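Below are two forms of the same protein chain, given as structure tokens: structure 1, then structure 2.
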Structure 1
Amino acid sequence: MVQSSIKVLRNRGYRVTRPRRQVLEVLETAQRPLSPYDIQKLLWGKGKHLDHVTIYRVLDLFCTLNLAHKILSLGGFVRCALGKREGCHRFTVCRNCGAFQEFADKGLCAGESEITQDFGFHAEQHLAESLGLCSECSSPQGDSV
């Protein structure tokens, strides 16, 4: 996945800098959304030092290029798991265990764009998350423990 992200950077005219590569590598192995400070701490643990401002800038670029997403309800960033799949990339987020799932829906994206156009607005990006309980946390077995 890191190599495909590097390819996207190069194809869009961006250099593959050391900080960009380091943040990509951290996001690639992350099992949960990471804040810029989490990323900084993980890099420090590997003897690599990036200031949090640089990490914020790198993450902002990655979000713009759809290489990463910010999960607002969890306060962290994850790598994009869907690549170029068409449609708005969205997340379901479990409010109990924090599990999340990324999905894309072309119809949802088109509908939201249509609504914003009715207001005379051109949307460049749609952000939304569905919060609730995952199947594990909402099962009757989860309640009896």
Structure 2
Amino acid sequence: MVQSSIKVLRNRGYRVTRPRRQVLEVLETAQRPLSPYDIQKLLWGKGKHLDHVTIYRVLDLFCTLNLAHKILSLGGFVRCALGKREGCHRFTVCRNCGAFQEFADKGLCAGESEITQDFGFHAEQHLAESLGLCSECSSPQGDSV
């Protein structure tokens, strides 16, 4: 996973730097969306000092390369598992524990083009998030719900 992302960087002519490796690793192991400062704290805890400016820039790059994705409803970033070819991406995000799931949803794109064609709207980016509770957190034994 991290390896394939590194390949993407190389193939596109970007350098494989230590900060980029470190952010990739953190995103890879994270079970929830991470804000830039979340990432900084996590790395800091391992004795790795990254400037927050660097993290912002790395995340920007990752998003344009489709290696990461920003969950707007929580303001955090997740690794991107699916390529652009596989249709629109939909995310489910648990508001309690942050667990997320990514889906390639072709029906979503279809519905969108239908509804927007009439207005001559040219869509470039699609955003589809569902915020709620994952199965764990919505169960009776779920914590703090």
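Residue numbering: sequential along structure 1, first residue numbered 1. Please read all numbers here as calculations on a predicted model, not as lab measurements. Whichever C-alpha set is largest while still superposing within 1.5 Å between the two forms counts as the rigid core.
Comparing the two isolated chains, structure 1 is the one taken from the form predicted alone; structure 2 is not. Core-superposed comparison between structure 1 and structure 2: the CA of Arg95 exceeds or equals a 2 Å shift. Once both forms are fitted on their rigid core, the CA atom of Arg21 lies less than 2 Å apart between structure 1 and structure 2.
Annotation: Cα of Gln125 displaced by at least 2 Å between structure 1 and structure 2, core superposition.
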